[in-house]
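We give structure tokens for two forms of one protein chain below, kept apart as structure 1 and structure 2.
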Structure 1
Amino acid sequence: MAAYIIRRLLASLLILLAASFLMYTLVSFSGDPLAEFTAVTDPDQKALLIENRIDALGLDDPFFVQYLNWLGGATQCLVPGSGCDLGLNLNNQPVTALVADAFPTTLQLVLAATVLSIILGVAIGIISAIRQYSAFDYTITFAAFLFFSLPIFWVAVLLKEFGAIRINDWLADPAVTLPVAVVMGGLSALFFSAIVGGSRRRRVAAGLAAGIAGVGVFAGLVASGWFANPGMGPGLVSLGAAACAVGATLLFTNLENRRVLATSLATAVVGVAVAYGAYGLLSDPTWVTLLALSALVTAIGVGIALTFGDIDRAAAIRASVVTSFLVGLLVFLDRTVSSFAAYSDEVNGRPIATIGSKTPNFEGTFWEVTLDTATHLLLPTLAIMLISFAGYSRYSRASMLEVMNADYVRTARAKGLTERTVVLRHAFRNAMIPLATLAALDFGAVIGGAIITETVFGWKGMGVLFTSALNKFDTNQIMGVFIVTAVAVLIFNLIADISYAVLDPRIRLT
């Protein structure tokens, strides 16, 4: 394996070298970096500007010398400690610093969107594989094709209009109008009728009930002024925590297994107790405090599982770890959302942002800053998610269908395992192998592909760095963006191949 990795890394370096040369040639001959000075009228000043730029960038050197200069600086990035120099851009700013500034922004955008679309896509793909040829399956198939076919910039503009501007208007004065009621009721009906499954009658009945209930709950929330000051409060948080415990138990065993259920519930109680016991500490925490508290809850949960788990210890530990994670998430969400009223005031009642990655000069508590990031992430994440989600749901459906027809799944069923164990422990794990590869490849590609999303939503990430450089024929800056995306693609390709070999022992890398 080590030999394989080293060989692949060397090959990647060669590819990178060739690709960088190709790209440098393309960019250098694509236009004139001095073109912007043609508008300067004063001939002396014009000559001075041109001379300065030629001096700064070495534009008088032969092409190969320019490339070798750039390459020399870029190679230093590979050797730690020797400094990294990707050259200067047209404004004499070091490209290395620009890229280092922009990269985290892009990563933040891409990371959230990719992780969420993997989770959602895989879950939905598996459900539609298990219910193959059902109404749910057809709906998801059609939706996936539709999302595949959506131009992302078109979706992005629509999201800005309907996901931000209209919603902000509505939040300023929440009221249950007919279109709002139809949308909420329809969504709720669709969701629940898809979840319930079964015969058409059952689905229609569930849909109708859920639709009416959805509109009712929504009207109640509006009437009680919840949207001005959202949050869950201790009662609902406890209820949610209990639901998380039951869900985690169901994931690993069944509700008849009292030991596991009791352990998960105890973990949930501990979680809620810690969340409200440390209420003061949580009013403006840091990430360290949060991580320490959740580690504490997880440790207590695992302790309970170890002590009382008895014969079901393994399942109890798993269930309590999942429970503590879910409860932590719930508490985190609750606290973040609770700061909504204060946040909304500070941004003049326009909470959902359409531009940028954060409100300029925004200062507030930890929760308000988190909410600020979240509201800025919301729309671009949705835009990227819609499209990658479609791919993941299709792939996981196909892969799951293939696995469900395999002999070892039939064996698992034949020896009397429950359907849950068959699906989650035998089929799901194997179906995920090709998806690990896909996820790695996709993650590499999406770093370079977020250009459009960043442009539309005005994120100052790699995409904007790239497009602004392209318009001015700024070779060094384009190369800086290119080298980062190319390295990301190569590294994630390697990770994809290695993960395949790790997950599937039949595959040997030589």
Structure 2
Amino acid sequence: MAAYIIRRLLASLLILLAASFLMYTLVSFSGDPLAEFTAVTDPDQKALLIENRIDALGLDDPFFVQYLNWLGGATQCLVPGSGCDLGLNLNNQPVTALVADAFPTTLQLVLAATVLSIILGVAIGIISAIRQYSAFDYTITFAAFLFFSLPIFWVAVLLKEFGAIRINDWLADPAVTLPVAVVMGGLSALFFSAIVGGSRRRRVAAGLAAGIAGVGVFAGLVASGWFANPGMGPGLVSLGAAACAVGATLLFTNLENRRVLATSLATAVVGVAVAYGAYGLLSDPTWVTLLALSALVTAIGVGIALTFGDIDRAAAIRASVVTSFLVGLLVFLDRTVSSFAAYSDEVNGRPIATIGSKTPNFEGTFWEVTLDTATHLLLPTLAIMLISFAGYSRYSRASMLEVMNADYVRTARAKGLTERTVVLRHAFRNAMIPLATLAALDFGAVIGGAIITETVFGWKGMGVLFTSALNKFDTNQIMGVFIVTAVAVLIFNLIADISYAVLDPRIRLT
């Protein structure tokens, strides 16, 4: 494994060198970095500006010397402690600093969107494959092709109008109007009629019941003032924690396995107890405090599994770890949402943001700052996720269908294994092998910036940095974005190759 990784890294360096030379050549000869001075009417000032730029960027050197100078500074980025020099842009700003500012912004956006797209797309694609030709399968197929065909700039604009502006207006005075009731009831009806199996009559009945229930629940939330001051409270958090424990148990075994179920439920109880026992610590915590509490709950859960798991100890440990993670996520969500009222007052009653990655000069508690980040991430993440989700769901469905018809899956069923074991242990892992390549390439590529999404939502990330450099023929700035994107693609390609051996033990990396 180590020898394989070293060889791949050396090969990646050669690929990066060749790609950087090709990119530098194309960019250098694509335009004139001095073109903006043609509009200057004063000859002396024009000559001075041109001379200063030529001296600052070394434009009077031969092309190959310019490339070697840039390469020498870029190579320092690969050596820890030697500094990283990607040159100056046309405004005499260090490109390294510009990329360092833009990269976290883009990473924050694409990380959330890509991870959610992969999780939801793969999960729904697998369920769609298992329930092939069902109402659920047809609904997901229609939605996937619909989202995949939509231009992302149009989706982003619609989300700004209907997902932010109109919702912010509605939140100022929540009311159950006829259009709102129809939308909520229709969404509930479509969702439940799609996921419920059986005859058409059963699906229609489930849809009608869900639609009526959805309108009723929504009206109750409006009447109680929940949208003005949302939150779950101890009761719903405890109920959600129990559901997380049951779900984790089903993931690794079944509900008849009392040991695993009991350890998962005990871990959920410990998680809720720690969350409300440390209520003072969680009023305005730090990430270190949250990680420490999460580690404490996980350690207690693993201890319970080790003590009472008996022969099912391995499954109990895995279920307890997943339960502690899900309960921690649930508590985190509850505390974040509970700060909604205070945050809304701070931003003049417009909590769902339409532009930028954060509210300028915003100060508040940990939860209010987290909510500010989340509300700014919501719409651009959703725009990217809707488009990417379609591809992942279709790809995972096709991969899963191919695997489910394989001989070893039929053999596993013939041995009497449960359907959950057949799907998760035999089919799922093999279906993930082609998806590992897709996810790695997709994630590495979007590091370069979701250009359209960043432009529509006013995010100053890698995409905007790249497009502004293209408009000015700014070679160093373009190369700064390129080198980060290229390194990300190469790294995630390597991760994909390593993941093959993890997913399929027959694959050996030598």
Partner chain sequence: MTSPLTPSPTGRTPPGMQVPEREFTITARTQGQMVRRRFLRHRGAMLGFAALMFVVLISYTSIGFGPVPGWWGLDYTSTGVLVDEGNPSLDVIPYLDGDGLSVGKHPFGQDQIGRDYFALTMRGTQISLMVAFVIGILSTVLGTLAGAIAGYFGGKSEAVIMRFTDLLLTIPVLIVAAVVGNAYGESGPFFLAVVLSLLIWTSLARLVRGEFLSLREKEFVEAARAMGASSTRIIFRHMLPNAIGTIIVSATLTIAAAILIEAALSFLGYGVRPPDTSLGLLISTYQTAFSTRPWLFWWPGFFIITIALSVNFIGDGLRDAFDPRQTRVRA
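If you superpose the two forms and keep the largest set of C-alpha atoms that fall within 1.5 Å, you have the rigid core. For numbering, take structure 1's sequence and count from 1. Given the structure is predicted, the values throughout are model-derived calculations rather than measurements.
Chemist: I need to confirm something. Of structure 1 and structure 2, which is the form predicted alone?
Modeler: Looking at both, the form predicted alone is number 2.
Chemist: Is the C-alpha displacement of A469 equal to or greater than 2 Å between structure 1 and structure 2 once the rigid core has been superposed?
Modeler: Where the cores coincide, A469 still shows a C-alpha shift between structure 1 and structure 2 that is 2 Å or more.
Chemist: Determine, after fitting the two forms on their core, whether L330 shows a C-alpha shift of 2 Å or more between structure 1 and structure 2.
Modeler: Not so; L330 is displaced by less than 2 Å.
Chemist: Has the Cα of V456 moved 2 Å or more between structure 1 and structure 2, judged after a core fit?
Modeler: Comparing the forms between structure 1 and structure 2, which are aligned on their rigid core, V456 does not shift its C-alpha by 2 Å or more.
Chemist: Would you mind giving the Cα movement of Y67 between structure 1 and structure 2 in Å, after fitting on the rigid core?
Modeler: In the core superposition between structure 1 and structure 2, the C-alpha of Y67 moves 3.9 Å.
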